[in-house]
Every structure is written in C-alpha cells, then in structure tokens.
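A lone chain, given as structure tokens: the form predicted on its own.
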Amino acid sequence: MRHEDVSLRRAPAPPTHSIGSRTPLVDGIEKVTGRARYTADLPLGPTLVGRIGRSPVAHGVIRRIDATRALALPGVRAVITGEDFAAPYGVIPISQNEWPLARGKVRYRGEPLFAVAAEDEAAAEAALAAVAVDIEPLPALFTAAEARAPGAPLLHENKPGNIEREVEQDFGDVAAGFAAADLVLERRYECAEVAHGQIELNATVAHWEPERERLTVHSVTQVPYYLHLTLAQTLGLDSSQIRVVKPFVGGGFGHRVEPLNFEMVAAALARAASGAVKLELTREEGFLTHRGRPATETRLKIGMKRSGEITAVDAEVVQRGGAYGGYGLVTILYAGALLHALYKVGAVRYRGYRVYTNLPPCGAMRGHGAVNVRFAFESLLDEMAAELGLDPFVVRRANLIEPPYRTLNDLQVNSCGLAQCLDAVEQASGWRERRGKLGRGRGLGMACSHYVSGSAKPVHWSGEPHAVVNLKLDFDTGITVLTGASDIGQGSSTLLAQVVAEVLLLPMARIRVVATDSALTPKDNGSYSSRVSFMVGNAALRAAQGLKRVLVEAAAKRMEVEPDDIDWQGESCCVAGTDRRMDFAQVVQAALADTGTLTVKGTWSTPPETQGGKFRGAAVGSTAGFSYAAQVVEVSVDEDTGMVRVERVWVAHDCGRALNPLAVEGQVQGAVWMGMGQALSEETRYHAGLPLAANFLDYRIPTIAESPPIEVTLVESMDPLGPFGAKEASEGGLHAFPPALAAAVCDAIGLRVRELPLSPDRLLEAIQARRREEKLRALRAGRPGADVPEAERR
C-alpha cells in the first residue's frame, strides 16, 4: 500500500513579513561584484611576508634548528620555532597535543617546523632555504592497521596503541535483537580520506603593537572565538590583549572550524618582528593543513524482520585520524551517536577507534562523523531490502520516528519530516514507475540522512549562553545587529536580519549586520555543527522581541496609554481603535529620550532535556533539533570504462521552517554536490606520507560539466524549539548521496560497491572481477570436477 502522501497534502507555510521569502543574501552584491574583501585583500598597510618551513620527513626527532644564517640575510626580520610558543593547542580542551610549530618531534610530512618574516617574498624564500634543520628519522605509520599493530612505535607517549579515542557503547539487547530478526547481514565498507576543497586559500594578517602589547588578527576562521582563546593560550597573552576579526570567507566546510597552525604562526611572527605580518598559504599547504574527513573502515551488522523493521545494529568504525587530536574524539563519538535518531532501532552496539597516523590531521568536515557510517548503513539497508523482496522505501517507512521521541542513547527528537521527504522524492523521481525499468546501464537509487542543529553543549564549557545577539538602536533609526556568528557563505547574516525584521515588522533596509569582530560583537562559538540558524537565530529572535517591548513602551508613554493599547505596525504604530499614530522615527526619538543609544541583548541556550544522557560521551550527538532528508539519484554507467554519470538528483530536506527558501535550496544543492564529489572522485592519496594530489588538477572535484540537475523540495516540519520553527539546512543533505549513488549503480548494472570513491578505475576493477568470477562459475558448471587453470583464477 502506498504511504500517505503527506508532503503533497500540506503546502509550505506562506511567507509572512520577511520570513519565508526568497531573499537575496545581504552580502551578495559585494561578492558578485568583487567588492568583498577577503583576508588576503585587506588594505591594512605595509606588511612583512610570512613563510613556513616544513618537515621533509613523516616522523622524526628534531635535533637542531639553526636560524643563524637566515637572520643574517638582508630583509629578514624574524625567525621563530616551536620554542617561541607557550603551550600546545587543540580545539577540544582534553586533547590539546599539537604545537603551532613542531617541538621535540615531527609527526607528519609537511608539519610546520619553523617560520620566517621578511620584507619581501625573495628575502622570505632565501631565509627558508638558509635555516639549517637536523631531524633524526623514526619509523612512520601511514595506515590504521600499521598504527594498531603490536609493537608499533607510539606517536604520542600517552596514547597506547596509537588510539586517540576508543568508544564502547551498548544500548538494548543486541543479541536478542539479532535472534528476533528474519535476516541478519554483515558487511564491510571503506571510505577514502577526502579534503574540503574550499575556494579561498588560507591567509592571516597579524599586527602586533609593541607599545601597547596588543595583537590584532584578521583570518579566514569559522570560529573567531576559539581562535581568540587559542592565540591567548599559545602566545601566553591575556585575552584582553587580543582582537580577532573575520572578514569575508570563501568557504570553510569544516576546514576552518578549529584554530589552525598558520594563524598562531602569523601572530607569533608579528610579535617577534614588532610589526604586521601577512601569511598566505599555497594550495599544497592547504592540503597539508588538511582537517578533512578521515579514511574510515566500517564493519556493520544489521538484523531485520520481514516487515523491514530493524531489530539490532552492531557497528565497528575505525578512523585514520592523522597526527594530532583536533576534533577526532568528537568525530568518532558522532559516528556512533548518529546511528540513532534517523530510524527507530531495537538495539545498538557500537565500537569506535580513532587512530593516530603519520599523516596530516583530519578534522570536522561537513557532516563530520556521520557521512561515512551513513554510507555503510544505507547501503546495507538497500541490500537487505533486496534479499527480503522489499522496496527500499518500504524499509525506511517501517522504521520511521514519530516525534516527540527519545532514542535509546537519549537523543530527543521533537520534529521529523522524513515521511514527507520520502513521499516527495518517490513521486518526483517516478520511482515506482521507473526503478529497474531503465535498461542496462541506467538506474535509480535512494537513501536517507539526518543531522544535528548545533551541538547541545559547547566545546568550551563556560556556563555562558550558547548564543548572544545585541541590537543597537540610535538616532539614525537604523537597527544594527551585532553578532559573533560567522557567515562563511551559508547566509547567516541574512537570516539574522530577516528574523529581526520579522519581529519588528520593519523593512530589511533598516537592518544592518556587523559580525565577527571581538572588539565590537558579542561572543559566539562559531559556525560548526549547523548551530547558527537554530541557536543564533533564537538569540536574534529574543533580542528583537526585547527591542519591540522597549519601543512599544516608549510609544505608550508618549501617547499616555498602556503598552497593551499599542498596535505595532512596524514603520508606524497607533493606539488601537483610534487614529492616534506615531511613525517609527518618532517612536525611536521617544525611546532614546532618557537613555540615548539603546542596546538590547538576546541570548539562547540549549534546553536541558535536549542535552543528552549521563553516559560517557552522551553530549556528542545531542541537539535541540534534527534535520531529515531523502534522496533519489539517477545514474548511467559505462561498463567498458567504469565511468558513472549522475543524470539527475531529487532531494527533499526537512529544515523545519525555511526562513529563506532561496538560501536553503542553495545549501541543500551544495551539500548534494559535495556528496557527489566524495562518492565519485575525491580522495587524498599519499606516498610515504607525501600528498600525491595536493592541487585542484590532481584532486578531482566535480565541475559544472559533471553536475546534474538537482531538484530540491523543502519540507517544513516546524520544530517547536527552532526560531519560527527552523532547523538545520546545510549538512544533512550530504550524507544520503553516496549510498543513493551506490544503490543506483547496483540498479544499473547489478553490482554492489562498498568502497568510496567509486572512481572509474575502482568500478572497472570490480566489473572485471565479476566477469572473471562469472567465467569461473561457467567453467565449473561446464566441466564438473575439472581444474580451473591458474590464469583463469587470476
């Protein structure tokens, strides 16, 4: 029986004043005209040129770094090493084991070793060449298996077995769940390490004022507040001596979601040279700084009833994390936590291992922790559906969550539009009419996904609100939104302006946004885990409500009535039922009469009931709201070359209320496109620790030539905690693409692939392996008992 077509029965919420309208981004004109100033563009006056000297070996003991010759060169102003820093760093307080410049040991090829500041590029390059370095090589470990092998050398003395974090979690009776299942399957999946591919190169401009002992840093960061903390820690400064400004950012996707070594290096160089230093990295250095998605091995076992109901899950995940901690312990926890909250599951056992290796550190790339495991989970569901003779949509619908719902691992789901997402893509793609009927070499596949709307607990727990927004009102009658939230292209500044305009019923022209300057704007934890729309949006909502109360009270006082008698209409207000009226400028004048400039604050913190359970690691994965998505992917496959072409994608995303449908659709399309890159071609490869594709020619990101039409349907489940019902919109759409593509390839040529990326060489090898196996079976069937020649077995 066809599932009820809820998505077609319930239309999206109509636009109101500013919410729900397709609003161009407030900074869009600057970006498309070239007026936007990115970090490397800033006209900050004369600056010294910074350069970083990097380790030529993957693992070794630093015996000597001698800068004597370099400092004697004309134009060279400073040379620094790891000894010039006060402390190591790391975004997670309990795993800070990385120095901005290596101290004692180097742990990956290309690790920053020393840095120079000079008056021009030629002098800086000469200084790099003049520094003498002596490193005693140590055995290097490039795979998780090598690092976990008995007797393997330790990369960090306090981490036995080179395990950064081991996770053991059990929820429910897994053995009983498997016993109750009609089908139990176990498979292994591998996903290659991938990089972010952000357009803007890394750059930082640091200015040290020796007279005042103050530091100003402009940088490409997604997390200005965390960078501020880290600069103070690594340079041994008081936080009051530091100012951090985030200019326009040309993409982040998680690469810049933690403070990065070059940012501290630029600041230390500026202090050492008593001036300003600009440090710009090359594309290759961006790949060395990395923080991408880790190579992941997943062993997954699922039990299922004939109805499609999931009775038990047993997952083991091994992530190759690289040389340092970063977000590693969070990523390996997310991998287990987000086995829950997409579907109802009877019982779950999870074992996770984050492993140190002698490679650039991995981090929190878009959708971190969940993407690779979701590939495994959805792929196995598809295979089990086929074995049970069930349509893949039937299996998903058999396990739908009905909110409010508390998962086995204490995640609170207050809204879920997955049922509507499934209906939308099933109908839009013509699934029932077309799947399995497109002819050899063409197929359809589907998958589902979900993600968090911000982390329920901040990385640095201080007891402060999770988000703060200040609204400033002055004589010019304009309203300035002051926020520390980082707009990195996702449109958060536009969203905040829309929220304020909606509450006050004012035109967007009256609203300006000033963001991410620690000397002017309130603290915000940054742009990560899709937290800004939900958390900062709520703070802006509360600030606007507070300002509206102030304005209404001022109008009521001037007109000598009660505030409840005021009918607020935005550009004017009146006494209800009369023709007594004040325009907005008069109201502002009345509000400022006694106090002058007004600043109204709004704050928001995650409610306690959404902050997870009490077990170890429970806070990771908990959130105030989950987004949901479903996708159908259509592909064509050339079996002679292994080429896969994505012909079309249908995606439905439950974003709660779509505050700005134009921006949401763009974010969903970008997520799908990023998933396509990981599924088809993106892979960071190394030889003896040296990156083999550290540029955009060799590292294959899909271009517009490979990009298919992506048809987006927005489902609005109206989350009770989100601002106007909104929740996450930019990450959840990524997870479903790789498994949907793999399912489509299986529909096209009958071959299940369990390794990403599905590049032509990898797929062609699998096709040829199947042909050899078919030939062997035919030979055995034709000549019972006969030996198969060695050449045929190969």
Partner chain sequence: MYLRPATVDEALAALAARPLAVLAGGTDFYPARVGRPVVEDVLDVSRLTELRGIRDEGSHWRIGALTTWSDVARADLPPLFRGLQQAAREVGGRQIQNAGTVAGNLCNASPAADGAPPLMALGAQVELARFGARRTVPLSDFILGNRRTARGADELATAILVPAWARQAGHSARSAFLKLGARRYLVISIAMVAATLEVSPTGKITRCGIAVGACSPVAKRLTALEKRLLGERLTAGIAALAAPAHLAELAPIDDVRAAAQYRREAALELVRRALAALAAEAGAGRDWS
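Bear in mind that the values here come from a model prediction, so they are computed numbers and not experimental data. Residue numbers count along the first chain shown, from 1.
Unshown form predicted together with its partner chain; subsequent notes refer to it.
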Q. So which of D640, E157, E433, D579 gets a non-hydrogen atom within 4.5 Å of its partner chain in the predicted bound form?
A. D640
**Q.** Option touching its partner chain, based on a heavy atom within 4.5 Å in the predicted bound form, out of A509, L697, A519, I94
**A.** L697
**Q.** Residue stretch of 66-74, 725-733, 39-47, 755-763 approaching its partner chain in the predicted bound form, non-hydrogen atom distance within 4.5 Å
**A.** 755-763
Q.
Can you tell me if R616 lies within 4.5 angstroms of its partner chain in the predicted bound form, counting non-hydrogen atoms only?
A. no
Q: Although its partner chain is absent from this view, report whether T703 comes within 4.5 Å of it in the predicted bound form, heavy atoms only.
A: yes
Q) Does at least one non-hydrogen atom of A593 fall within 4.5 angstroms of its partner chain in the predicted bound form? A) no
Q: Report whether the minimum heavy atom distance between L692 and its partner chain in the predicted bound form is within 4.5 Å.
A: yes
